[in-house]
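First comes one chain, alone, set out as structure tokens in the form predicted on its own.
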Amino acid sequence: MAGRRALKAVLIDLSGTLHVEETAVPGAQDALNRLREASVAVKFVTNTTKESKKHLLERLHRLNFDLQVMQEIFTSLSAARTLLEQKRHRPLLLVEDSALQDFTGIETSEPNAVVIGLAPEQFNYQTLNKAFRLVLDGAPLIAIHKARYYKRRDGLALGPGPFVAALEYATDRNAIVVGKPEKSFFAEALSNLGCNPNEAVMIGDDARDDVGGAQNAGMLGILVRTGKYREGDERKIHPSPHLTCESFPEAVEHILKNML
């Protein structure tokens, strides 16, 4: 902790860290309650593109997590919307129907940009070919994130990254990534918490996107061995995680005992 300021904020990943689909990580609700009693700000940050913030909040309430308002959740969909508004793009949205609510009011007629998230129902030849032609004609390719895979109840499943890579390969263009692990994502997540990156820690199950991204942005990163974690993930990033824990409750215990 040398050279670091007192901890002011904890950023927490959702899927794989607090829950896997409709099942909470054992002890996660009580651990979150304990963290909320400490003198730190808490924010939930996620790359999920399958659900709007409203749907995410409803899911977390069903699992008995203590979240008061949608403003406590910052998603890569939020970051994508900010970029679309700044650039005044009219996107072809390759996202799930349940996520479209977060793009309400964004003009999508005659698209001049492609936004791609995790949208299995849209990953067919016709739709991907439409996206390919738009990008080939100069439309920016905006990847909500490029995760390789994520955890479902029935096992690991492909994320949007492979489909983004296919469009990059076919068009010879690089996607603009707006979610984790981008520094801009973490900076925007911290922007209303009144703290600098060296006063914050990130807890997540993705070594590259959660922990590596946070540490590249100047934060500390704690990796949990739940969700998509696979043995040896902590050795795939440099610098290594500040800490690797069995689960979210253990990470909270470390923060309460050693970082406040």
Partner chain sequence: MADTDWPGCARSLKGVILDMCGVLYDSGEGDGVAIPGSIEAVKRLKASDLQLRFCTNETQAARETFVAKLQRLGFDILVSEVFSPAPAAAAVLKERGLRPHLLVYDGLLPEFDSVDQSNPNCVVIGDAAEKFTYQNLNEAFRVLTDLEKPLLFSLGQGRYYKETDGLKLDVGAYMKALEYACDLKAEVVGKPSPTFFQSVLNDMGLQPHEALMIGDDLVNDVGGAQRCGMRGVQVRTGKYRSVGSFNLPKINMSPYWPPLGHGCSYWLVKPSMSVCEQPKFPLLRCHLVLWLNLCFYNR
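Numbering follows the first chain given and starts at 1. Computed from a predicted structure; not experimentally measured.
One more form of this protein, predicted together with the partner chain, exists but is not displayed; see below.
*Asks:* On the criterion of a non-hydrogen atom at 4.5 angstroms or closer, are N129, F163 and R230 all touching the partner chain in the model of the complex?
*Replies:* Checked in the model of the complex: all three residues contact the partner chain.
*Asks:* Just one of I176, L100, A157, A187 has a heavy atom within 4.5 Å of the partner chain in the model of the complex. Which one?
*Replies:* Flagged contact: A157.
*Asks:* Does the 4.5 Å heavy atom contact test between K43 and the partner chain in the model of the complex come out positive?
*Replies:* Because no heavy atom of K43 falls inside 4.5 Å of the partner chain in the model of the complex, the answer is no.
*Asks:* Indicate whether the partner chain has at least one heavy atom within 4.5 Å of a heavy atom of T171 in the model of the complex.
*Replies:* So T171 counts as contacting the partner chain.
*Asks:* Given that the partner is absent here, does Y150 sit within 4.5 Å of the partner chain in the model of the complex, heavy atoms only?
*Replies:* Close contact exists here: in the model of the complex, Y150 approaches the partner chain to within 4.5 Å, heavy atoms only.
*Asks:* Can any non-hydrogen atom of R59 be found within 4.5 angstroms of the partner chain in the model of the complex?
*Replies:* R59 lies outside the contact set for the partner chain.
*Asks:* Using a 4.5 Å heavy atom cut-off, indicate which stretch of 108 to 116, 81 to 89, 67 to 75, 131 to 139 touches the partner chain in the model of the complex.
*Replies:* Of the options given, it is 131 to 139.
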